[in-house]
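The chain below stands alone and is given as structure tokens, in the form predicted on its own.
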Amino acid sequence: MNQGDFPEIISKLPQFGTSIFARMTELANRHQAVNLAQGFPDFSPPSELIDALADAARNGHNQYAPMPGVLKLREQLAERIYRQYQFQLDPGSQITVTAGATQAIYTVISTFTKPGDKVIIFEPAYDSYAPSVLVNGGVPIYLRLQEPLFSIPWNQLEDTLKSGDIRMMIVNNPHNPSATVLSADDMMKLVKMVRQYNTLIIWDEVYDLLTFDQLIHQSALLYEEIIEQSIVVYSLGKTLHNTGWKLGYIVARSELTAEIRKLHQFTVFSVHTPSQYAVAAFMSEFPEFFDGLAGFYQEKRDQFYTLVSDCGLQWLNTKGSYFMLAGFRHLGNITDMEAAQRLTELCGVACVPISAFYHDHYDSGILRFCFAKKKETLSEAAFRLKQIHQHNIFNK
């Protein structure tokens, strides 16, 4: 066959390449840098969970799981949601187990987005939102969160909703990458604003258990006025320190769940069976594990902030998630991508430029660091970051 005989390849996502996380991790590996770029722990899940996984495999749970997820796991998830938010769920018809939160978000967007549908995305935004909309023929409507607090642009949001034909809105709370959380006042404003419109809301709540300083996570499940139009996505990988297991779940009313499952069955059909049984057993035996997560990560946040407070960067307040943001523009006028590359190559610490979370690569001179790491990892990273002035990292 001649080269010209091959069918033309037409990309559905021509403007997207390899993710910034993969690129920065590759750069970190090349320079033996401490990797604070990608959002995953460098410590193991609880040993009891590992034991439960081995037990599940040995006990024969190695074939396809039910399409919506193992019922024992869905029952445990319903109990977790009730303990946390006093929200009663039907495990049979309102919870769907997914291959991670990213697959959950993609499946929900694909289920309800038709060509031409408009979807509001607040930026900076997790990098899977826009591609999921675009590949389904949807139209992303980008609203930029207002710095320095990364607050919702309320007037712009209201004007956008009033313009009509907004099919869906994606709200990430606690927010990645800004590490902010919505207050009760924020939620009431959202409730008042969106309930009068026929707009579905995807709530990305993968960090719902990671809020700090006694802040209470304002889950969508606490607001019955909008629950009928809400779909909430959670991650077990973020809470159980096992992102590689790729377990997430979707909570939605039965009618929405039925539609989501139609696509879910043709996307992955079902999710890794022994992992589901293992998590169900662990949650049943150790429900208190979830209660201690906020304190566990707050200690890491505080440790890292103490270690890096004098390295020259301007650190922003972290209210939730396991990320910290730092400004560098006062030290030099280079791009955030250049800054991230130089920190990796010269200081040996990898991070992520938050311009990667904007569709137009808006650059406010801020970098994101992940502190979901062992104490010794954070200590080594802090030691290296203190070499910023020595290497003139941010000078042109």
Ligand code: GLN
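The structure displayed is predicted, hence computed values, not measured ones. The first residue of the sequence shown is number 1, and the count goes up from there.
Omitted from view is the form predicted together with ligand GLN, to which the following refers.
Q: Pick from Y85, Y126, Y223, F289: which residue has any heavy atom within 4.5 angstroms of ligand GLN in the model of the complex?
A: That would be Y126.
Q: Just one of R74, K238, H264, R301 has a heavy atom within 4.5 Å of ligand GLN in the model of the complex. Which one?
A: That would be K238.
Q: Contact with ligand GLN in the model of the complex for Y207, defined as at least one heavy atom pair within 4.5 Å: yes or no?
A: Yes.
Q: Even though the partner isn't displayed, in the model of the complex is N176 close enough to ligand GLN, meaning a heavy atom within 4.5 Å?
A: It does: once ligand GLN is placed as it appears in the model of the complex, N176 has a heavy atom within 4.5 Å of it.
Q: Does G39 make contact with ligand GLN in the model of the complex, using a 4.5 Å heavy atom cut-off?
A: It does: once ligand GLN is placed as it appears in the model of the complex, G39 has a heavy atom within 4.5 Å of it.
Q: With the partner left out here, check for me: in the model of the complex, does some heavy atom of Y106 sit within 4.5 Å of ligand GLN?
A: No, Y106 stays farther than 4.5 Å from ligand GLN in the model of the complex.
Q: Decide if the three candidate residues F43, Y297 and K373 all line ligand GLN in the model of the complex, where lining means a heavy atom within 4.5 Å.
A: Judged in the model of the complex, none of F43, Y297 and K373 sits within 4.5 Å of ligand GLN.
Q: So which of 359 to 367, 334 to 342, 31 to 39, 44 to 52 is the stretch with heavy atoms within 4.5 Å of ligand GLN in the model of the complex?
A: The contacting stretch here is 31 to 39.
Q: Is any part of 184 to 203 within 4.5 angstroms of ligand GLN in the model of the complex by a non-hydrogen atom, and which residues would that be?
A: Heavy-atom contacts within 4.5 Å come from no residue here.
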